[in-house]
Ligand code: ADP
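Shown below, as structure tokens, is a lone chain in the form predicted alone; questions about how it binds or moves come after it.
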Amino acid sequence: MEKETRTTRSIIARTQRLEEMRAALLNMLEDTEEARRDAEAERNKIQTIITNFSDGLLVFNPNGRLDVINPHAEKIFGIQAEDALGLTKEELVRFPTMMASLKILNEKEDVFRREVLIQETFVAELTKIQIRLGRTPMGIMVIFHDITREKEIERLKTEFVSLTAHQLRTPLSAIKWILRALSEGDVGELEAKQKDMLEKAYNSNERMIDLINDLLNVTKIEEGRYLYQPVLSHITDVVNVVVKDYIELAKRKDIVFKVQKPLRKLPRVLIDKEKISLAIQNLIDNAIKYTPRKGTVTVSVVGSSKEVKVSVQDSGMGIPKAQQNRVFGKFFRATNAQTVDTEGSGLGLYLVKNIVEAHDGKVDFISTAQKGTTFTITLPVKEEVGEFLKKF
């Protein structure tokens, strides 16, 4: 009897455990189902966002295969998702509209933005982002933002500025020579006061002509037709020609003007001499203009087998730190510079940056308020090192 009782209790206990396990499993199943529903809802939400995203979107997995293409990207490239999904970047070149974008995507930076012409009437800003989970690469996301309208407005603005500048230059040139003829007495002798007034008018007209020329240079840059005659040249020869024009000006301002040249001949760089000269002139102009009497301006040239550098250092007023990120912007002038020269156009450094970058170079600077500024132009060497070394 006692044995039967123990057996019954054992069965009851096991039954209770099984019921508990069953309840636990049901709870787990309910939790799993709820998690599945939540995950599905989240996935649907993400899919809805991707589908309705106003920019084109591509996502490549870690193996370089296309995992996601949203409807806007399909429209941009004129392709269907089923034809492109699963293909590598190399395989996607079968679609002509994607070739320019795929070429840019081969660049190694994790994050960057580039303009890309996708179709004849469609320009996009391409943004590439490396997707990571911690330090593990999870693929690449590429966003295409339509900037066609902005580029067209920019083109119209550039055409307007170019047309206006050309129309203004002709009468200003005529005024220049009339004023010069008057001041030199070609139509009769003038009193000293009259000559002084004509000289002021002549100088004002010259400033207008300089501004017009700067505007024309800007429009040529923006139209991509600024470099005409790139030739292999020694940068030291270019600097030697430019600095000659500033020796007398520096003396008149009582500024110490130094030129530091390399001891050995540097390799050549592929440059448009006229444009690089203009860039260096703008830097020296600014240095002398914004350096007080008894100050120092130093032009130096250094280089290696890979690059050459031209630096212009001054002991002038410097650039306020809060404004340094705008230095190369169009029409920008630092607030302290405006108190010294109220008539500058704010185009000089914009031109310098665009000229240098058109030569595959770069321009940077360091500046401290009230202590001075150093601008440095860096240009890549285009001459083969072997050919260069044969000359020694």
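Being a predicted model, the structure only gives us computed values, none of them experimental. Start at 1 with the first residue shown and count on from there.
Same protein, other form: the form predicted in complex with adenosine-5'-diphosphate (ADP), not shown, and the subject of what follows.
For the options Ala287, Ile280, Ala124, Ile271, the one in contact with adenosine-5'-diphosphate (ADP) in the predicted bound form, meaning a heavy atom within 4.5 Å, is Ala287.
A heavy atom within 4.5 Å of adenosine-5'-diphosphate (ADP) in the predicted bound form is found for exactly one of Val238, Ala165, Met317, Ala250: Met317. In the predicted bound form, at least one heavy atom of Leu347 sits within 4.5 Å of a heavy atom of adenosine-5'-diphosphate (ADP). Under a 4.5 angstroms non-hydrogen atom cutoff, adenosine-5'-diphosphate (ADP) in the predicted bound form has Ala334 among its neighbouring residues. Partner contacts here mean any heavy atom within 4.5 Å of adenosine-5'-diphosphate (ADP) in the predicted bound form, and among 147 to 155, 71 to 79, 87 to 95, 287 to 295 they occur only in 287 to 295. Residues of 87 to 121 placing a heavy atom within 4.5 Å of adenosine-5'-diphosphate (ADP) in the predicted bound form: none.
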